[in-house]
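Only one chain is given next, in structure tokens, and it is the form predicted on its own.
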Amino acid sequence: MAVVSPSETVNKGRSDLIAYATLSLISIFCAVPFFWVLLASLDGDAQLFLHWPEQWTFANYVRVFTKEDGAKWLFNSLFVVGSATLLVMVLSGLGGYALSRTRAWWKLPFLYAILLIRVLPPTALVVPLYKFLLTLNNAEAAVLRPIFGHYARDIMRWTGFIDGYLGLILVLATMQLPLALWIMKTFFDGLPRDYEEAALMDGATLIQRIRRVLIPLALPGLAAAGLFAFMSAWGDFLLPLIFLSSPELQTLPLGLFRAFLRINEIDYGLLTALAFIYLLPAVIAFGFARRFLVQTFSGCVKG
């Protein structure tokens, strides 16, 4: 057993002290904006600079849902991002399994090619993507208007590719799918095939193997892929700004942005209450999926 000298012990203590002090400073630096948002949202007289509230109140949160369209913005955000996340989880689960179990020469080039979608900045794709979706939207409108008349706009609010839920859901899912495919492909690579072979020997059909074997085993990977997709799509500001224009379809980041722009005097109480509501779903999603995230990136399932 190696003998540690007193000087080495003192040096190690100093190194630990410096490391902890540095980490504490970085943590405080990162936490101060969130702390300011929370305090200001509960302050009856919120200001630009951080101060302890003299009047604690929930009036700012009440105003978000009574005087502003906070409930609509929250619903739109949860519906669009939740649908995109669900779509990403389904497609990445099926695609990741196929890519993991398939032996083909094109698999690796295909994986690198789809990763390019993730690497390219979304700003560079906006114009061709908008033109493509606009063409689809015009074709859909040409079919729906003769049939449904003035109700066509109500239908296209849900199924439209431009200024509709469907278009934004597809775009957000497309942006998040490459990373999710990589996560699920890597996850399935770590799953032993013994489970599937045992189920096959027991006479399980393909549907039974998927429902009773693969889905339970893949839950940690699906949760991790879904968490990344949800958090990335939830924080997206550019794509909703480009593809949504109707006030009734606005999402929370757009509502926050337009609430900041439209008033002459900045209402920090309202803005911070909106910001805190905007933070909550991402924090809750991370809290639910954190265990699966750790499990996915620490070795999947042990065979």
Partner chain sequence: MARNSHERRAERQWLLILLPSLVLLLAFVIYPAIYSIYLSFTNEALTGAAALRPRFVGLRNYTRLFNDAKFWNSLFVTFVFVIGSAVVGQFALGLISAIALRRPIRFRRVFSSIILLPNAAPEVVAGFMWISMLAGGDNATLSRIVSTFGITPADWLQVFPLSMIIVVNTWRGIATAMILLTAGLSTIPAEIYEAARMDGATPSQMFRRITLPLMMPTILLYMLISAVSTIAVFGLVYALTRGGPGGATEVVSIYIYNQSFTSFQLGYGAAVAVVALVISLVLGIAYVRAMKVEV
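It should be emphasised that the depicted structure is a prediction, and the values quoted were computed from it without experimental measurement. Take the two forms, find the largest set of C-alpha atoms that superpose within 1.5 Å, and that set is the rigid core. Positions refer to the first chain, counted from 1.
The next section is about a form of this same protein that is not shown, the form predicted together with the partner chain.
Trainee: If you check in the model of the complex, do W56, A139 and I215 all have a non-hydrogen atom within 4.5 Å of the partner chain?
Mentor: No: no residue has a heavy atom within 4.5 Å of the partner.
Trainee: Check each of W158, F132, F148, F75 and return the one that places a heavy atom within 4.5 angstroms of the partner chain in the model of the complex.
Mentor: When the partner chain is considered in the model of the complex, the option within 4.5 Å is F132.
Trainee: Any of the heavy atoms of L222 lying within 4.5 Å of the partner chain in the model of the complex?
Mentor: Contact check for L222: no, nothing within 4.5 Å of the partner chain in the model of the complex.
Trainee: Taking 4.5 angstroms as the cut-off for heavy atoms, does Y97 touch the partner chain in the model of the complex?
Mentor: Answer yes; at least one heavy atom of Y97 falls within 4.5 Å of the partner chain in the model of the complex.
Trainee: At 4.5 Å between heavy atoms, is F79 in contact with the partner chain in the model of the complex?
Mentor: Flag for F79 set to no.
Trainee: Is there a heavy atom of Y278 lying 4.5 Å or less from a heavy atom of the partner chain in the model of the complex?
Mentor: Y278: contacts the partner chain in the model of the complex.
Trainee: Of 46-65, which residues get within 4.5 Å of the partner chain in the model of the complex if you count heavy atoms?
Mentor: If the 4.5 Å heavy-atom criterion is applied to the partner chain in the model of the complex, 46-65 yields L48, F49, L50.
Trainee: Superposing on the rigid core, is the CA of I155 displaced by 2 Å or more between the shown form and the other one?
Mentor: No: I155 shifts by under 2 Å between the shown form and the other one.
Trainee: Take the rigid core as the frame of reference and indicate whether the C-alpha of V213 shifts by 2 Å or more between the shown form and the other one.
Mentor: Moves: yes, 2 Å or greater.
Trainee: On a core-based superposition, does L279 travel 2 Å or more at its Cα between the shown form and the other one?
Mentor: L279: C-alpha displaced by less than 2 Å between the shown form and the other one.
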